[in-house]
Structure formats: structure tokens, C-alpha cells
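This document contains two forms of one protein chain, each encoded as C-alpha cells and listed individually as structure 1 and structure 2.
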Structure 1
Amino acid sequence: MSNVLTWGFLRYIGQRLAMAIVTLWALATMTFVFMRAVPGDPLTRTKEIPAAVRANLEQRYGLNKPLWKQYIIQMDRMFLHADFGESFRTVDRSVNRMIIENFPASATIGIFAMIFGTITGLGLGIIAALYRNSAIDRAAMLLCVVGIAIPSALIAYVVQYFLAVFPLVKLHVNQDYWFRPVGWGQFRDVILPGFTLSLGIITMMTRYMRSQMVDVAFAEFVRTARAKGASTFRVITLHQIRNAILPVVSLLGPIFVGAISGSLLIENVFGVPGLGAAYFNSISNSDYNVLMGLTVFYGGFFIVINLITDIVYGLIDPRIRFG
């Protein structure tokens, strides 16, 4: 039985790994095709340059080669040498170095948002379920609807004004002990962008946890526990919450990746030196290498986290790996 279990689990991991590789390759291929489909190139987005200089730049960056050869060179460089190349806009600035230097800021905001959003969302979901159909429940659901309807960029400007600009300008709060509207380098600079990013996570976790808690409340084992005389506190903590929170494991992987990648817009608002500014500049400037590198990096990050989640689920539930 153990041999069957081992081979079944290895086969399960192999299938997920193969699927991850194919998905990442497809993402890179689509990004390459879409970038080249847009009129112009990185050199036409700069100021007008002499023909001889343009020819030298095209030769340096390989833009004078046929598209199929550019595709092979880029795929080979990325997947076999883990090299995303150099930026077309910044001389001697490699995309790998850009990721190493700027990703920690994006990751810090994302981790803060994930932790704060998950804890707060679970708490609100539990409270809303315990007081379902009450004013507390309706208020929590209203907040969720508002959180879904309002774009994150608009929320970022609102948070920035009312929690940073207004207290400093109108209330004359000491700027040494309050949030800065724009800046990076101190822990207080993480709170506002992290809080803004966490609102989407809070919305999702609140709705999901409330739904799970309500479903579990009518389960047979909960009614049995109540019939045996278990206290309300024991029923809620050991039966409802414990069973309702298990499916949340499947959400933690996507939540983590979404928190890391979702900070791109918010970083621009709060002046965070993450990958957000580089990503949007690469789009407006048609910086092929930066756009491809960051897209594949975030895509690979998402795929790896999902792969780890699948493996963990395979360890927890044998039905998944044998299914």
C-alpha cells in the first residue's frame, strides 16, 4: 500500500509540475506575441535618433533579427539561463537586478496586507455568521459590496488623503509621528499601502468565512454536539470555526500571490519603490525585456505558489492525488 501511495503521490506531483511548466511557457509566448503586435518598438518611443545609431541599437538588442529568432533567443535566455535581459530604456540595467532590488518592497506590502486582511476578514466573517440577518451581518455584507465595487486605485487616493494628507495639513499632526503620504524606508510607510491592499482580501475572506460558518452551523455533527449538551462556546470554537476554516487553506495561495502582485497600482499612489512603477513604465515605453521579465516573474510566482498548494492538498487529502 505504501508503494502505491508513494508512486501515486509522485505521479500527482509530476502532473502538476508538467502543467506548471507548460502554463509558464504559454504565458511567456502570449506575452511575446502581444508585445510585438503593438505598433512601434522601444526605439520609436524614445526621442528621434539618427539612422546609424538606431541600426547599432537594433543590432545590440537583437531587434534586427526575424521575430522567430528573437523568440527563440528570449525563451532560451529566460528558461535555460534564468536571464531576463537588459532594459531598453535604462543603460546597463538588467531586469534581474531590477527584480532583486525592487521586489522586497512589493513583497513587504503584500505580506502585511495578507496577514492583516486574512485575520480581519476571518474575524468579520465569523461575527457576521454568528449574528446573521442582524444589523451587524448586513453592515458587514454592505462593506463587502462597497469593497468590491470601488476600484483599488480610488481607495488608495481616499486612504492617502484622509489618513495622511488631511491630518498633516488640516489638523497639523506632528509629521514625525504620523503616516507620510508618500515615502518609503520606515515601518509606518508600509501601513497605509498595506491597509489599502488588504481591503480586497478582507472583503473576500469575510464573505467566504461567513458562508462556510453558516453551512457548518446546520451540519449534523454540530446538531449532535448541541444535543449532547456542549456549551455554545465549545460548539462555535471546536466545531463550527474549526471545520469552516479548513477550506480557507485553498485560498491562502492565491491570496498571497494576489497580495504581492496586486500592489502594482497602489505602489504608484504611495510612492513605494516596488515593481509597480517599473511595470507600468515598461508598458508605456514598450520595454520588451522588462515587460516580459516582470510578467513571467509574477506568472511563475503565481504558478509556484499554486503548485505548492496543490502538493499540500495532496498530502492532506489522498482523494485528490488518486482522483
Structure 2
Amino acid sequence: MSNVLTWGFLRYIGQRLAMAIVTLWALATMTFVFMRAVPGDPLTRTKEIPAAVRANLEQRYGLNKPLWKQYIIQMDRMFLHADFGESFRTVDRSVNRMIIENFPASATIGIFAMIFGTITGLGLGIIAALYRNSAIDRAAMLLCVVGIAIPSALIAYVVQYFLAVFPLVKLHVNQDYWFRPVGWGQFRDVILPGFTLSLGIITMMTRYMRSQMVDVAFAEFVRTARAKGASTFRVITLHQIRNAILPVVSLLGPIFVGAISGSLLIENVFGVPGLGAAYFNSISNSDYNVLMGLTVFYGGFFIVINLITDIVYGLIDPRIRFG
């Protein structure tokens, strides 16, 4: 690891950070263009707002300014003042407050899903690969196909019904010591939405890990290790898993950002006070500031996580050098 703290490494980080800012700016600009290109604006209603009232609202929100000016105002506020502005829909609520108040809930179920999903998925993938073509392997692969085929909406309802409603209504388990279908504020409330969210991660991890393990099993260094007389356990853990897991690590960043970015459906079904509803509403209401703010927030998160992934990748893979 002595290669880490070199000038090359620092220059690499610097370059990546500069790229990150350019990428974020490009993301913000594209978001601006696309959301303005969509028909309607934040003031489009089923019952149209009368012209005089609309004029007052446009003035208040600055929507009557030329587009390029609105663009400059938004970019300046966002990148130079770290302020995402106010929502047009939930009036008086700043996007910054929205993130502070509701991101923790999305992140909580995301982190739970991430940890549970990754551990379970890796485990299943390893076992399926070691017992290739056995009943366990087939069961794991069936689970993956089912996991991809069933829409997450249905999975959320199924999980809610069989793990909360059925036990409480039919089996009469004690309400205080069991999952409730809807609720937030206690640790038990994390499990159902977190578990539902983790199913996608498990599916992806299992398939990926299994195929990596199978690939590695026929690699020359594994054969060499066996030939040297290393124990089966040693071959599997030190040679096979360690090599198979490397490409999987690069998946963790995107999966993590995906997991914490709030699923409208899962949050809505289980009553999780996350950002999912706000994100969804911002799209259907053309709520420019919220849509832009959350996109840039998650985009920034994604870029940072990717950077960390690359660095970690360098730490665990001796073939990668910075500089």
C-alpha cells in the first residue's frame, strides 16, 4: 500500500475532483434543459390559474425572467451558495430542509438493504458457484429470475401482507413484538422496507458473484494453488473469493446510491418518511427547484461514492496503480 500516498495519487484525486465538479455542472445543465423542455410548468393545473394571478406568481418565483437568467440564478445559488432554493409545491419549504429532514429515512432503509443484500447475495452466489448445478444452485438461480421478473410493487405488497398483515390479523401475534405494516420511528420499521429493497440487490449480487466465482474456478492461479497443495478452504477463500469479489466491489457504489435514493413505491407502501415522494412529486409537478436539487444531490453523492470505490479498488487490487 505504499503506493497510495504519492504525488501521483494526490494529483489523481485532484483531477478526479475537478472532473466531478464539471460532471455535476453538466448534470445540472442537462436537468435544466430537460425539465424546461417538458410541457407545462410548476403553475400548470387542471383548473388553469387566471392570467392576472399567474403573472403575480411568476413574478414571485422569478419564472417571468428570461430562461438564461433563470439558469444563471439557479446555478449561482446552487454551486456558489449551496442553496437549492424553495419548492413550488410544498410552499415555504426549502429543498435543503427537505434533504435534511427526509434523507435520513431513505438512507436508513438503503443502508440496511445494502448491507443485508450484499452479504446475502455474495453468500448465495458463492454457495451456488461451489455447488454448481446442484439443487441449491438451481434454487438460487430461480430466486434471481423471480426477483427480476416480479415488479417491486407486487413484492412490497406481498412482503407487507405475509410478514405483517397475516401474522397480526390471522395468527394474532403480539402487536408490540412484531412488524407493523405501516410505521416509522422504531428499529422494526426498517426491516420490511429494507428487506423489500434488498431483494433487487440480492438478485444482482448472487448472479454476478456466481458467474465471477465460476470464471475464477478455471483460472490458472487457482489450478496452481491447488497443485501447490493448498487446502480446499484456502483455495476458496484466499484465491477464488478474493479474486472473484474484486469486480463485484465496483458494483457497490452504484448499488449504494440506488439504494439510498429513495424508492417512492417502497417508502409509500411502508410509510417511510423518505425523499421518494418528494422526488416523484417534483417530476409530476415540474417543481424545478426540488427536481434540480435532488438530482444534483444524488448526482454528487454518486460521484463521490464512485471516487471512493476507485480508491478502495486500488487498495485491494495490487494490479492498479494511481498516477
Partner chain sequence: MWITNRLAHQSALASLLSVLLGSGTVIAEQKSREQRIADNEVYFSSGDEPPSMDISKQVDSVSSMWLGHIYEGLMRTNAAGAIIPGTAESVSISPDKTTWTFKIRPSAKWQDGVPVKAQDFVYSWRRLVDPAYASEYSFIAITASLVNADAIVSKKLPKEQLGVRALDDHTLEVKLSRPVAFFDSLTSFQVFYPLRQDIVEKFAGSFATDPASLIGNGPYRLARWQKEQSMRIEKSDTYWDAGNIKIKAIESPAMVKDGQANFNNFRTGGIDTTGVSTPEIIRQAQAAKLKIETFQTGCTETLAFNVRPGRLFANKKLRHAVRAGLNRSEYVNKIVGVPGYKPAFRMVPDYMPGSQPGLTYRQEVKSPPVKDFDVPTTQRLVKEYLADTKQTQIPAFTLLFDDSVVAKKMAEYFQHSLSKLLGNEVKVETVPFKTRLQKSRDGQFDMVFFGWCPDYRDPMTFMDLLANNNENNSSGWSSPAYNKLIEQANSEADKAKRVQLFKAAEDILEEEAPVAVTDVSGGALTAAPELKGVKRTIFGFAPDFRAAYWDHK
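None of these values were measured; they are calculated from a predicted model. Residue positions are counted from 1 along structure 1's sequence. Rigid core here is just the name for the largest C-alpha set that superposes within 1.5 Å across the two forms.
Novice: If only one of the two is the form predicted in complex with the partner chain, which is it?
Specialist: Looking at both, the form predicted in complex with the partner chain is number 2.
Novice: Relative to the superposed core, report the C-alpha shift of residue 38 between structures 1 and 2 in angstrom.
Specialist: That residue's C-alpha sits 2.5 Å away in the other form.
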